[in-house]
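Two forms of the same protein chain are encoded below as C-alpha cells; each is given separately, as structure 1 and structure 2.
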Structure 1
Amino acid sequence: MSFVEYGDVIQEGDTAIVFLGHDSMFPVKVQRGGQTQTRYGALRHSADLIGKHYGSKVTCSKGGWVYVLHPTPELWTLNLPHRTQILYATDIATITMMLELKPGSVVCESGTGSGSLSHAILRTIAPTGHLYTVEFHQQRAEKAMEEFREHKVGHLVTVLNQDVCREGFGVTGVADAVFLDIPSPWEAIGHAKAAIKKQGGRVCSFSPCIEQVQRTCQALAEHGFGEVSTLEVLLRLYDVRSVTLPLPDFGDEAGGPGGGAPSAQNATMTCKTAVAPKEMAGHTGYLTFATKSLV
C-alpha cells in the first residue's frame, strides 16, 4: 500500500482505514502484534488484518464487523489528525483541476498545515512530479514529513520549515503551480511568481475572507498575473430516503365523510426522494486562480 499506488492485501506498516459504517471510520497503522479497540470489540492486527484483502469484512472480538479500506487521499482527509483547519475534497478537487495538476507537475504549497491537500497533490503528481511544501510551524512541518514517509510518498516531497512571506518556497523557476493557504497571501505573490517556470504556470490562493481576496487580487494584478478569477464551490449532499405522504380525503359525491372505505381515510403515497440536509457548510473559502503568462 501507498498513497500513490494501490495494493490488494493489507501488509504490516500500512495505514488502513477501519470503516464502522455511516461515515464513522478511523485510520489504523497496521503493526504485527498490534491491537485496536473499536466499539465492536478489539481488532487484532496479525490475525484480523495482515494478509486480508482490502475491502473485506473483518469481525471484531465482540462479534460486530467492520470493513477495512485501502487509504486514499480523500479517506485520509476525513480521518487525519487535525493540527489546523483543513481543506476538504470539494475544494481540493477544484484546486487540482484548476491548477492543471497531473503526473509530473512540480507544485509549491504553503502552508502545509495538516497535509490534507498535500496528500491529494502528491497522489496526482506522482510518480514523476514533486511537491515543495512550506510550513512556518516547526512541529507541524516535522509531523507532516513523518506522515509523508509513513504513507510512502516521502520521495515526492520536500518540506521546508520557513515563512513563505519572507523567505519564499526555496526554489525558483521550477513550479507549474503554486498554492497559497496563508493569512496574508498577498505578501507571498512575489515569491509565487519567482517559483513558477519561465514558460508560465498557475497559482491559487485560498482565503476565507473577502478582504484577503481583494488584497490578493490587487497583488496578482501588480505582479502581472492574468486570467484572475475568484470562485466559491460548495458541496450539497443529499439524503436518499423514502417519504410517505398522506392523501387528503375529498369526501364522497353526496358530501358524506370520505367514501366510507377505511382505506380512503388514511391513504398515503410513498416515494423515494433526495432530501437536502437541514444544515450544510455554507462557506469554506474563496478560491482565487490566476495564470502567470509567458514573459
Structure 2
Amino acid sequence: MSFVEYGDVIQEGDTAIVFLGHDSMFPVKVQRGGQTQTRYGALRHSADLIGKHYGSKVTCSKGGWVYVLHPTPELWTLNLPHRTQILYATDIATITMMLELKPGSVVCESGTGSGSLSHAILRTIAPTGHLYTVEFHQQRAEKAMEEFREHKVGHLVTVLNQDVCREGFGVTGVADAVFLDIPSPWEAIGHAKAAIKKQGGRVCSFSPCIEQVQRTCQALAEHGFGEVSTLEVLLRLYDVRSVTLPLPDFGDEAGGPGGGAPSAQNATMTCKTAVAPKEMAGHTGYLTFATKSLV
C-alpha cells in the first residue's frame, strides 16, 4: 500500500480507510491479530481485512457492514489526525494547479503541519520528484516523517525541523515551486527565492488574514517577484431534498377550465431539488501566487 501507487490487496501494516458513510469514516492501521470497533460491530484484522481486496464490503460482528477503501490524499485529508489546522480539497486543488506541479517537480513547503497538502503534493510529483518540507515544531516534524514512512512515500520527502524564516529550506536553487503556510510568510520570501531554480519558478502563500497578504505582497515585490495575484477559494454546498409539488390543471383538450379526468384532480409530483444553506462558513484563507523573475 502506498499513497502514490495503488495496491489491490490489503496487507499487514497498511493504512486502510473504513467507510461507514460519506460523513462517517476513519483510518485504521492493519495489524495481524488486531481488532477495530465500529457501530456495526468489530472488524477483525486477520479474518476480515488482511488478504481482502480494497473496496470490499466487509461484514462486522453485529451483522452490519462497511467498505474498506484504499487510502488516497483526498481520503487522508478527511480522516487524518489533526495536529494543526489543515488545507482541504478546494484550496489543495488550486495550489497544485497554480504552482504548475507535475511528476518530477521539486517542491519546498513550510510548515508541514498535519501533512494534508504534503500527501497531495507527493502524489502529484511522484515517482521522480521530491518534497522538502520544513516544520518548526519538533514533535510534529517527527510524527510527519513517521507517517510518510508508514505510507511508503518516505523516499520522496525530506522533513526538516527548523525555523524557515531564519534558516530557510536547507536547499538552494533546486525548487520548481515553494509553498508557505506560516504566520509571517513575508519573513521567508528571501529564502523562498533562494530555494527556487535560477530559471525561475512559482511561489504560493496561504494566509487567513488580509493584513498578512498585504505584507507578503510587499515582500514579493521587494524581492523581484512578478505576476503577483491573490485569490480566495470558496466552497458552496447544497442540501438535496425531496419536494412534492401540485400539478397544474390546464383544462380539457377543448381548452375548457377544470377539465380532465377526476383522478387528475389534486395530482402532485415528487422531485429532487437543491437548496443553498442560509448560512455558510466559507472563508478559509487567501492564496497569494507569484513568479520568480529571470532577471
Partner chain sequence: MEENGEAVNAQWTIKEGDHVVLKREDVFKAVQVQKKRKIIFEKQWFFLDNAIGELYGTNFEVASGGTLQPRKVKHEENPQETKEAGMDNRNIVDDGRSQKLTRDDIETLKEQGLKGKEIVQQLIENSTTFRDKTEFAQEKYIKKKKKKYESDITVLKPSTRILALMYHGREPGKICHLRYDTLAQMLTLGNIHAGSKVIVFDTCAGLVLGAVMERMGGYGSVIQMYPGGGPVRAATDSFGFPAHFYQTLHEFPLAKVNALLAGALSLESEEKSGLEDSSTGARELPQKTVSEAVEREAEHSSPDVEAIVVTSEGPEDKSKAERENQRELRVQEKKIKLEEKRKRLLAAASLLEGRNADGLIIASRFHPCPVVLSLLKFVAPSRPFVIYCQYKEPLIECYTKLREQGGAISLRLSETWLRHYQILPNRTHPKLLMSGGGGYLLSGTTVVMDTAKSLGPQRVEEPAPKRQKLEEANV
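None of the values given here were measured: they were computed from a predicted structure. Under this definition, the rigid core comprises the largest set of C-alpha atoms superposing within 1.5 Å between the forms. Here, a residue number simply tells you its place in the sequence of structure 1, counted from 1.
Trainee: Just one question: which structure is the form predicted in complex with the partner chain?
Mentor: Number 1 is right.
Trainee: Quick check: residue 239 between structures 1 and 2 - does its CA shift reach 2 Å or more after fitting the rigid core?
Mentor: Yes; that C-alpha moves by at least 2 Å between structures 1 and 2.
Trainee: Quick one: once the rigid core is lined up, does residue 20 have its C-alpha move by 2 Å or more between structures 1 and 2?
Mentor: No, its C-alpha moves less than 2 Å.
Trainee: Please state whether residue 278 has a C-alpha shift of 2 Å or more between structures 1 and 2, with the rigid core used for the fit.
Mentor: Shift of 2 Å or more: yes.
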